[in-house]
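The chain that follows stands alone, in the form predicted on its own, written as structure tokens.
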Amino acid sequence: MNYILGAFKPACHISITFSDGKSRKQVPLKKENGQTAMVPLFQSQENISGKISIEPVSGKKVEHNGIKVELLGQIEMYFDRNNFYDFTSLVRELDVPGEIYERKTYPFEFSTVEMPYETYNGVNVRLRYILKVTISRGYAGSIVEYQDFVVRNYGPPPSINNSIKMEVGIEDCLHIEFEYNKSKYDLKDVIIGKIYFLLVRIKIKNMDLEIRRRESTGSGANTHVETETLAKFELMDGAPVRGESIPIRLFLSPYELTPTYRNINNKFSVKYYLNLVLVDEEDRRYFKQQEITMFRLGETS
């Protein structure tokens, strides 16, 4: 039995370390097994470098047909599992065919890497960046090790950011105007606005403001759309009267938001909406939805 167990033990240990791993910011990343790990944070055009150490199990040698490290940007659809679409693929050959008898360390570097899309874990899709080390072996099967890292890209505030003004109404029963101070928000922004009741002839029981995320994956007949309500904010409890004005002040920082993603690599989109919901005393719901644009503002610190 011990011989059988020994046959499945790895022939060597592979470790991947980043050059600036101790000083670089670490962020949480949810892994496939549901656990969260802290991994390094990068942005597009940065250099990604470090060392890869390969240490054979004591008393053994590792015969190989070459060693390489790849930097991969991948999109995986959950309805098409294990079928990755590589939008970034870079490779560095580390060693020619040979044998490893003791711990060996290889430096690697990928310079000014183009990483146009952000890391994203959604309902039906995942976008990830990994370093993949492969020790190629013929009969014994290749040995592979992965190291995740996260990419976030920052931008300046938009040059034009108009307010949103809209009306919602039911003829001769209800007429409301609502106004939000902006149409584009950074992830740590505050939504400020007002709601005006111009005509109220139905008995409103309560009113909520929701933040919704809509994730679209695939295309054509294979389009999958998932809508999540990320936040629900009670604006009013009780009946409003004509002429009343209700202020809105909703802080975005407590919620796990991403920027708006439009048609990422022709695979998926992520959009955000403010959804105003009114419920009357007969539990009928009236709502008005408005898309907002989310962006990631460059961090000052």
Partner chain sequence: MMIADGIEDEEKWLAEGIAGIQHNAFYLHRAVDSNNLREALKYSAQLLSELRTSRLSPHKYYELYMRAFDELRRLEMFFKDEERHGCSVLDLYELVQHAGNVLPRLYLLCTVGSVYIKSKEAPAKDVLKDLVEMCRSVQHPIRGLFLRSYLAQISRDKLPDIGSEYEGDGDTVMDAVDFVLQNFTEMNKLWVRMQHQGPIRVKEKLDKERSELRDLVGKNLHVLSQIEGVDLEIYKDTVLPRVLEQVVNCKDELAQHYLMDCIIQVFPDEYHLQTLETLLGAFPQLQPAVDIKTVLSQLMDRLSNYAASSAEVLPEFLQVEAFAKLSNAIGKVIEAQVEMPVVGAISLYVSLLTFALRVHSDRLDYVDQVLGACVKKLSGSPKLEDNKATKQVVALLTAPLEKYNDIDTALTLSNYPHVMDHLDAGTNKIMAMVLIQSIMKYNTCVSTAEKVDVLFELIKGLIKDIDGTLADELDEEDFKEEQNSVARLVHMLYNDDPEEMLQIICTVRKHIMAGGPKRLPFTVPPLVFSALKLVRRLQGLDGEVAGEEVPATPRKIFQLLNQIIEALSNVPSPELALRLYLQCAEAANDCDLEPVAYEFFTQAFVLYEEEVADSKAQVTSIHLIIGTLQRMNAFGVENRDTLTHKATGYSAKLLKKPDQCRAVYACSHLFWVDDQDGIKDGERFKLIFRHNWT
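Positions refer to the first chain, counted from 1. All of these numbers come straight from a predicted model, not from anything done at the bench.
Below, we refer to the form predicted together with the partner chain, which is not included among the displayed structures.
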According to a 4.5 angstroms non-hydrogen atom cut-off, is E256 in contact with the partner chain in the predicted complex? no
Using a 4.5 Å heavy atom cut-off, state whether G50 contacts the partner chain in the predicted complex. no
Does the partner chain come within 4.5 Å of any heavy atom of N33 in the predicted complex? no
Does the partner chain come within 4.5 Å of any heavy atom of P247 in the predicted complex? yes
G73, Y78 and L90: each with a heavy atom within 4.5 Å of the partner chain in the predicted complex? no
Can you work out which of L235, V62, L276, V69 has a heavy atom no more than 4.5 Å from the partner chain in the predicted complex? L235
So if I measure heavy atom distances to the partner chain in the predicted complex, which of the stretches 226-234, 210-218, 138-146, 152-160 falls within 4.5 Å? 226-234
